[in-house]
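In structure tokens, the next block holds one chain alone, the form predicted alone.
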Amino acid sequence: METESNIVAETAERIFADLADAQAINADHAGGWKAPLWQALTESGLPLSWVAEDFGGAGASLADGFAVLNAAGRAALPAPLAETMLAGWLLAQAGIASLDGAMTVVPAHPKDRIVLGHDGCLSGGARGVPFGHEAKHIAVLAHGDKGAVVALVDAAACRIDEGTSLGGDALDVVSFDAVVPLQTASAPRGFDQTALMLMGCVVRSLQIAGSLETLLAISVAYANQRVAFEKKIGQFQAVQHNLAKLAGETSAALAAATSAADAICSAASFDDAVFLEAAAAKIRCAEAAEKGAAIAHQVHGAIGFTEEHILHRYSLRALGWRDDFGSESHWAVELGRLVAGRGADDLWPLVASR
């Protein structure tokens, strides 16, 4: 299992290194890198990693996919790989086959609600949908009369108001006005919007942790090259202290994200233990993104804020991913409610069991 996971992640890393180099993308304002990158990802089967082979996917394990997402974070990948993987996973929960092309998932925020009416049409709206107008299809988790329903929707059938994320990627508002889905199926028993949000939390946490790993590597390399007052700035105690803090935040984010990923891989359902791990990971990784991005830019000084430098490709995406699938403040409140609901006597056993 570990060897297979390494092979999948290494395949992704080779593609990212060859076709998603941050400096090359930063200089290519025409977007000529997009088609070759997506073609290579598609040919490797990575976008449908979590879709069974019987449904046209790669049939990779959850662990394989999580490793790919962490690698995508290290590359600050400006393509809908994570969103397509998550959409394919959602469709697979209801036994719906994924179609070719980029996909995204709706809703992307806990408080957004899509309803499947008696006429079989979808209604409602979703904010902050990543890569909405670049997706060919949308995987939707809707509320029906008999519970949660998974729907496959042609993106062209929706009204999409285009927007831009903090990192410069598509972040749109998708409206469903009597949209007829291509296919619908009931979600598994016990699967609801909270489960989707928790899965999204872990996806984004792994990406944030990956981006922080690269921020740390870039900052250390720069500190060992930049000379000020006839010394490399990495020799100054204040800079060393900041880099140590950045390393600590990176390690904490990576530990929280991988622990949450392991919890999902090992669990049979999205129970309280998974809730604790996923919510805590999103809270901790969001905090690390805020602190880590500030330190990285402080180390680089003015040059790190320029459009030509690649630092912002990682820092801004890490900061933007904090709000997807629920912000840290949302999950802090929800985590508090979970703990309060279980009672004081259950708090320590729940925490100590992780």
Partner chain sequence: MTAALRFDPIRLPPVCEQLRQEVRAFLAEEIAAGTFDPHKPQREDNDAPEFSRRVGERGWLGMTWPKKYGGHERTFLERYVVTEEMRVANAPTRRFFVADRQSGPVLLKYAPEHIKMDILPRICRGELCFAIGMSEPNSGSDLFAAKTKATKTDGGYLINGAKIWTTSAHIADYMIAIFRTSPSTKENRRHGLTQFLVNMKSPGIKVNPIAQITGQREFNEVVFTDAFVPDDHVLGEIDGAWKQATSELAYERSGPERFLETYYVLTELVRALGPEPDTRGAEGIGRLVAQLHTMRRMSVSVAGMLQAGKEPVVEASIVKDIGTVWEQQLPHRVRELAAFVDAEDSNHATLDELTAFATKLAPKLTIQGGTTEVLRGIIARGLGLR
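Residue numbers count along the first chain shown, from 1. All of these numbers come straight from a predicted model, not from anything done at the bench.
Below, we refer to the form predicted in complex with its partner chain, which is not included among the displayed structures.
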Q: Consider residue 262 of the chain shown here, and say whether it contacts its partner chain in the predicted complex, taking contact as heavy atoms within 4.5 Å.
A: yes
Q) Are any of the heavy atoms in residue 22 no more than 4.5 Å from a heavy atom of its partner chain in the predicted complex? A) no
Q.
So in the predicted complex, is its partner chain close enough to residue 337 to count as touching (4.5 Å, heavy atoms)?
A. yes
(Q) Can you tell me if residue 128 lies within 4.5 angstroms of its partner chain in the predicted complex, counting non-hydrogen atoms only? (A) no
Q: Name the single residue among 251, 175, 183, 269 that comes within 4.5 Å of its partner chain in the predicted complex, judging by heavy atoms.
A: 251
Q: Let me know the one among 155, 86, 152, 256 whose heavy atoms come within 4.5 Å of its partner chain in the predicted complex, would you?
A: 256
Q) Judged by heavy atoms and a 4.5 Å cut-off, are 148, 195 and 297 together in contact with its partner chain in the predicted complex? A) no
**Q.** Stretch in contact, per heavy atom within 4.5 angstroms of its partner chain in the predicted complex, of 52 to 60, 309 to 317, 325 to 333, 34 to 42
**A.** 325 to 333
Q: Any residue of 198 to 235 with a heavy atom within 4.5 Å of its partner chain in the predicted complex counts; write them all down in order.
A: 216, 217, 220, 223, 224, 234, 235
